[in-house]
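One chain comes next, on its own, written out as structure tokens in the form predicted alone.
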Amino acid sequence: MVKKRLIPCLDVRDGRTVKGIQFEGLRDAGDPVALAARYAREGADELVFLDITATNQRRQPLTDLVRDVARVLDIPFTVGGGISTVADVEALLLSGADKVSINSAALARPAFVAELARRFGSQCIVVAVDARLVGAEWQVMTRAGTVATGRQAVAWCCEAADLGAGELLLTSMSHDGTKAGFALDLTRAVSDAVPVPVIASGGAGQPADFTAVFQVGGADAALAASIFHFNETSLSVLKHYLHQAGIPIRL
């Protein structure tokens, strides 16, 4: 049986890990290299590093910092933020990333997803989808969640998978940082619609939220930040909780 994955996320701004609520009100959460090393020791299945200001600042990702983080890891490592060219992806993979996460560039030019999948393999390409609930519909946002695209979230996820994305990182902006639980309806809809793994993100507040996103939402992996950064629970405690709940997890 395929194991479910727990993935801490490092949102990085100006070289520091930060965390906010619904992408706003960011507060410092520590040194990304130290946090990465800690999560690897504690049993994280993977790690995601997102340079959250690179796209809006129109600059390339922080490859030096990525290299420093990669040096302390022995688990799969995904990097996103500011990726817009094949050269950006190549530089990050050479700096130690195992996968790259693309978001705004994929929305601006969907063929970019297919181009990267052909060049590097789908297993390296994660398409990140930031969705906000507008009325009764989940809409896709771009540029770090600041610009509405008019795209419907499930439809865009299906298109990204068809183009060659190996995984989808699905974030509910409406739930992000609220600790009210994951967006189970959105996660279930996407999981049922695509043939690739779905990483659920946004809203983790307690261990039961992870059980729900796996059992009800159908997610293949769950990503969280503040619950780990601020020591509200540990990966070890959470994994044993999930194991006791019957979730297939690597202990």
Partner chain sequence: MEIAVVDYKGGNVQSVLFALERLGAVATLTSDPEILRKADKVLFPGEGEAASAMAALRAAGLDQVLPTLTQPFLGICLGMQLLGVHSEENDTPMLGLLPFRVKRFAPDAQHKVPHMGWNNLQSLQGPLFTGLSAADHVYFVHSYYAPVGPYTIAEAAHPGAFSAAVQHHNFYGVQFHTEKSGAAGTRILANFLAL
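Please read all numbers here as calculations on a predicted model, not as lab measurements. Positions refer to the first chain, counted from 1.
Below: the form predicted in complex with its partner chain, not depicted.
Among heavy atoms of E167, some come within 4.5 Å of its partner chain in the model of the complex. Residue contact check for L94: one or more of its heavy atoms lie within 4.5 Å of its partner chain in the model of the complex. For the chain shown alone, D74 is a contact residue for its partner chain in the model of the complex, at least one non-hydrogen atom being within 4.5 angstroms.
Using a 4.5 Å cutoff between non-hydrogen atoms, Q123 counts as a contact of its partner chain in the model of the complex. Here the chain stands by itself, but in the model of the complex one stretch of 143-151, 100-108, 128-136, 159-167, 159-167, has heavy atoms within 4.5 Å of its partner chain. Distance criterion of 4.5 Å from any heavy atom to its partner chain in the model of the complex singles out V198 from the list V198, A225, V48, A36.
At a distance of at most 4.5 angstroms from its partner chain in the model of the complex, none of the three residues R41, L186 and H243 contributes a non-hydrogen atom.
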